[in-house]
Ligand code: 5AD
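This document opens with one chain alone, in structure tokens, the form predicted alone.
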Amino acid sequence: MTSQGTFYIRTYGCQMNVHDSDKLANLLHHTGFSRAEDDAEADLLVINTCSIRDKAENQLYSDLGKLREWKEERPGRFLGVGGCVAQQVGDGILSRFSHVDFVFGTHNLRWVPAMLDSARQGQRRGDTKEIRSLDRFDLPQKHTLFESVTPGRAFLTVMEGCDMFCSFCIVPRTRGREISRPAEAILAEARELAQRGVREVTLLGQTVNAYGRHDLGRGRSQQAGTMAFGELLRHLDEIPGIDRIRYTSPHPLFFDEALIEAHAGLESVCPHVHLPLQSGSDLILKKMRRRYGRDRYLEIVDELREAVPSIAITTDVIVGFPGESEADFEDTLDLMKQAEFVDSFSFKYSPRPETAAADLTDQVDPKTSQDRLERLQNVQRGLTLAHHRSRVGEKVEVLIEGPSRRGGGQLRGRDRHHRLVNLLAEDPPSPSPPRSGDLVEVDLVEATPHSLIAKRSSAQQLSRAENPRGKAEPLRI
């Protein structure tokens, strides 16, 4: 195949965006492109955008303004914009930024090569139409040149879209309505990933544990090839070579007995749940249209901890939602302490276009929102450090990601609880040090507010050899 040049993708936002960028990179490889080390070396630059908060959208517009010079530096360069802001604004980006060649929405990855061909002929195009067909999942298998930036780990889309319409959230508009992939397509992709050396898969969906619910509710799951989420986990657990299964992001409304039992009974399902809260106030939860209250949320936490006592629970929290009083905010802090969150992603509320909350008049003063965010994050730092300290002395399995930011020859990885572990350099150095994608057994020796510090356990490394179930066995080296 004739070389088409080099590409670089800038990615903002959630795991779904990261995975979409991987899909696009693979597609471009199939088209004849090779990956550039950075945008300075690229002939094609694509920005995959996020619009969950106004800060991310404004960052895009700032970046695009600066990229006019990048485009003019070298004739024959092309600039594309995709993702959620593209879906939201569409041709408005082409109108505002004359140096952007094409714009594609969250359902239109497959058309990027054709849009690029049009750009080469001087035609600027935008395509942001929603596709309800399963064809949107029909993408080529991994190209031989495709290299994962996370060896040993991979994202796996099981469903897309959201039908919940929370009053603050733009996702139903940018990602569309819920659609679930057939289970056999998911399982086939998981088997292919395992053959490529992937040890950990993270199942993706805007409301991932709602997978298959519409088909089940309408009595057409067999016809559609879907099933309940807990059953899907059971089938994935049976695939040889897949040692860890994670999923994000679930909705509390769809936690059922089968999902709780999957955590208790399936070997590969990790003892970690990211369970979005958003607020600990029943009044604010109702205004957010979250469809659960604080008592039900805490029931789910208790059920998970009863099933898996060591489970790590993380969450999302929004402060400064319209009408949030000091008492409402204190309810959130109180729930955080009761739930003993291991970590949280916390944000100040920002109005998003065409959401119900954007029209609310009782907006919280920005200074008050900032103060509440800082107080909440201070509480979370204490909870995280306490959890990390409680785990010092444990022996755990870490999936190596690469060099640690701490330097000094240290490596970093994640344990089954999804905690960041920094692995101290060995002295003397091992003749066969762990590589990215390896599972390594370590002893936790120190806690920090951001990570756990570990030493390698008796130079043991978990091999890629398989036992009859296909799970990793220890290997002495």
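All residue numbers are counted from 1 along the displayed sequence. Values in this document were obtained by computation on a predicted structure and should not be read as measured data.
We do not show the form predicted in complex with the named molecule, though everything after this point is about it.
- Stretch 312 to 320 is the contacting one of 312 to 320, 94 to 102, 107 to 115, 373 to 381, since its residues have non-hydrogen atoms within 4.5 Å of the named molecule in the predicted complex.
- The three residues His143, Thr150 and Arg196 each lack any heavy atom within 4.5 Å of the named molecule in the predicted complex.
- Heavy atoms of Ala36 never reach within 4.5 Å of the named molecule in the predicted complex, leaving it off the interface.
- Although the partner is absent from this view, Phe341 stays clear of the named molecule in the predicted complex, with no non-hydrogen atom inside 4.5 angstroms.
- In the predicted complex, the named molecule lies within 4.5 Å of some heavy atom of Tyr349.
- At a distance threshold of 4.5 angstroms between non-hydrogen atoms, Cys169 is in contact with the named molecule in the predicted complex.
- The contact with the named molecule in the predicted complex, taken as any heavy atom within 4.5 Å, belongs to Gln278 out of Gln87, Ser268, Thr226, Gln278.
- Contact with the named molecule in the predicted complex, judged by any heavy atom within 4.5 Å, is made by just one of Ile52, Leu67, Leu27, Leu444: Ile52.
- Taking a 4.5 Å heavy atom cutoff to the named molecule in the predicted complex, none of the residues in 361 to 380 make contact.
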